[in-house]
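Below you'll find only one chain, the form predicted on its own, shown as structure tokens.
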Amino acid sequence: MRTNIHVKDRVAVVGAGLTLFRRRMLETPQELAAAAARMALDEAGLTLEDIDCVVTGTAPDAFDGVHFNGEYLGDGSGAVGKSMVRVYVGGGTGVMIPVAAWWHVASGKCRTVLAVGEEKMSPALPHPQYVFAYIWDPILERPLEPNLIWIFAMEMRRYMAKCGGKKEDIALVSVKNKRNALDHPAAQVAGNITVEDVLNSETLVWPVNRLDISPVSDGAAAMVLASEREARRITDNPVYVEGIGWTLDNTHWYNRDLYYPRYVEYAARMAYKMAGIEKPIKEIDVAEPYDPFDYKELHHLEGLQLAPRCGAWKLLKDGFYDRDGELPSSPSGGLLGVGNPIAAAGVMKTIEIYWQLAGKAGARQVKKEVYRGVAQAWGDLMQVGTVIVLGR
């Protein structure tokens, strides 16, 4: 674990923007990126001329249907004539984008960075699942003809068996997040649903039902990060990046116990150490854990040290993670409610923490005063963890 990061300058988030998250958006990936970037610049009161560097991120190139996707998105992301880098760590890309933007500023290379995540998943035919057909080990895994839902069903079943939670306990995550998303203007699948709705929805791979899963989505999200000096020119209320962390675990998912996400714990401990956090469950006020499946929010809350192992589902039942609870989790509605354009989804999670801390979350604003928040993403086959801590 990396522990001695040299920081030349404090880094603040000063603007953010989100497109709608929808299936079959008519805009091109470049247009989606440009729309999110424009909203982020407008919130910061800046123009492209004020931006020194650009960071972009998407998950597989195949979703957008092009190779060299970073270059393809360069002009839409405002990178013409500027230093640009694309980051890619699968589903963990979304939080790695602001992490990469942070190090561009913290190193002193750039005063301002525009960070853009984009994904256009719905054109992948016959289904985005097929994009992942070749990520498996050709000797040990591909003969089994696995798919992602197949693998995560195994993980969910192991979590239930080890931790004692039932399907109706886990379904409460989907109920909570889709309800929270009713207040989100970008939301794709918000709704007032019940546990029974989740349990009675189509079974895909037991114990995973359709309403346990986030939707296929297109969309983009963007942030503007700036040095402390620049941030204080832009806003009287900067929100700072206090900690970052990432982990790349072993690619062989079958050599560890799937009930617990150690890749998230290692990344979180790195970020918390940098932020000076010793007791996360006491010092974090709001969280946006990655929730492509409902059980994954519980899984990741435990990895983020915001619940004891096997304890998140019990705290959820007690209202601990409700928007008006002690530690609101996914008050935005998360991926389950807002949508899941993979790389953009993690940026959205980070943006939602920024908006909560800046008091800009509107109807999604949590009831208590918040000073610190954490966002997290996860990618590949139970191996990538990316974490960012923001504070004011």
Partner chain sequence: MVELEGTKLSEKEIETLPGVIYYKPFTRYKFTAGYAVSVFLEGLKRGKIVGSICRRCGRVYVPPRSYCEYCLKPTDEFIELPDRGEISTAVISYISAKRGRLEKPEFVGVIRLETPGYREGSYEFAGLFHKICGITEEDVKTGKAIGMKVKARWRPPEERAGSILDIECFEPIGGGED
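Remember, predicted model here, so these are calculated numbers, not experimental data. Numbering follows the first chain given and starts at 1.
Form predicted in complex with the partner chain: not shown, discussed below.
The putative spot formed by I139, L204 and H252 is fully lined by the partner chain in the model of the complex; each residue has a non-hydrogen atom within 4.5 angstroms of it. Just one listed stretch, out of 269-277, 282-290, 140-148, 169-177, contacts the partner chain in the model of the complex at the 4.5 Å heavy atom level, and that stretch is 140-148.
Of the residues given (L211, V87, V216, M154), M154 alone sits with a heavy atom within 4.5 Å of the partner chain in the model of the complex. Of the residues given (A186, I234, I193, L315), A186 alone sits with a heavy atom within 4.5 Å of the partner chain in the model of the complex. By the criterion of a heavy atom within 4.5 Å, K367 is excluded from the residues contacting the partner chain in the model of the complex. In the model of the complex, the partner chain lies farther than 4.5 Å from every heavy atom of G92.
Although the partner is absent here, R22 is a contact residue: one of its heavy atoms lies within 4.5 angstroms of the partner chain in the model of the complex. The partner chain is not shown here, but in the model of the complex it comes within 4.5 Å of a heavy atom of A35.
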